[in-house]
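Next comes just one chain, in structure tokens: the form predicted on its own.
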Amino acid sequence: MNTPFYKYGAFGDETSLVVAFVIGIGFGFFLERAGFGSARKLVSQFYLNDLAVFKVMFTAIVTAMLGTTYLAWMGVLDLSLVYLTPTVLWPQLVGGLVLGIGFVIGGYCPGTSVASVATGRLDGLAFVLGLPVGTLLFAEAFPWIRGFYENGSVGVQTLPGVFDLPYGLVVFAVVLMALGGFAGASWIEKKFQPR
């Protein structure tokens, strides 16, 4: 969140914590204002009658991608300072599946559950309390699942690298995909609106 300012020495550790706190409060505020602190709003995604979550997430991805791209091209951002999580294929697929199933069953992801707790929702509190419990269970089980956890490591991967395409072309393709996704989402919402 604080990159590149923190990496360039614009501020120290203490200030970076304050900046992260302010960004977090702002993020939670806008999640709640968009209605994403409500499990009903989030679950509407899976009934296909309100795809606001899809639209917001894709907008965030494209905005961050375009911002990163233009800042790098202008020489403001050194992409080598941006940390990329290494790809460990099978554990990340299973983790995504577990998160997705939890999202469908309960209606929250980690961020939206915290926003819901801030407004007093008890179902969100169940999710927030489940985070440390799940973390503890994972830590206790880690010696037995370590082999799987490290299985399928392919290092840091990016779309331009995987497809051997120029960075700008991939950015352009993702923007086109987003525009198509928004149009498709609007069509689906109209089709699945309750009558």
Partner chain sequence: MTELLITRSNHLVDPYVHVWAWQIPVYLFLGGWVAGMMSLAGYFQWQGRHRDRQCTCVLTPWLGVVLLSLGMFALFLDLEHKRYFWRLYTTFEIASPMSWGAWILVVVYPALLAAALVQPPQWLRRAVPATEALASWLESRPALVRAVGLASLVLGLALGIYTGILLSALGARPLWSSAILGPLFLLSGLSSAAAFVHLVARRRDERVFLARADNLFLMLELAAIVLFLIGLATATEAHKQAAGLLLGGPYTAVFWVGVVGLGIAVPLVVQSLAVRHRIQHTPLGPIMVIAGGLALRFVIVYAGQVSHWAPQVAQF
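Since the structure is predicted, the reported quantities are computational estimates derived from the model, not experimental observations. Residue numbers count along the first chain shown, from 1. Superpose the two forms; the largest set of C-alphas matching within 1.5 Å is the rigid core.
There is also a form predicted together with its partner chain; it is not shown, and the following applies to it.
Shown alone, this chain has one stretch from 117 to 125, 87 to 95, 71 to 79, 100 to 108 that lies within 4.5 Å of its partner chain in the predicted bound form by heavy atoms: 117 to 125.
The closest non-hydrogen atom of residue 18 lies within 4.5 Å of its partner chain in the predicted bound form. Though the partner is left out of this view, residue 33 does reach within 4.5 Å of its partner chain in the predicted bound form, counting heavy atoms only. Contact check for residue 25: a non-hydrogen atom falls within 4.5 Å of its partner chain in the predicted bound form. Once both forms are fitted on their core, the CA shift for residue 178 between the shown form and the other one remains under 2 Å.
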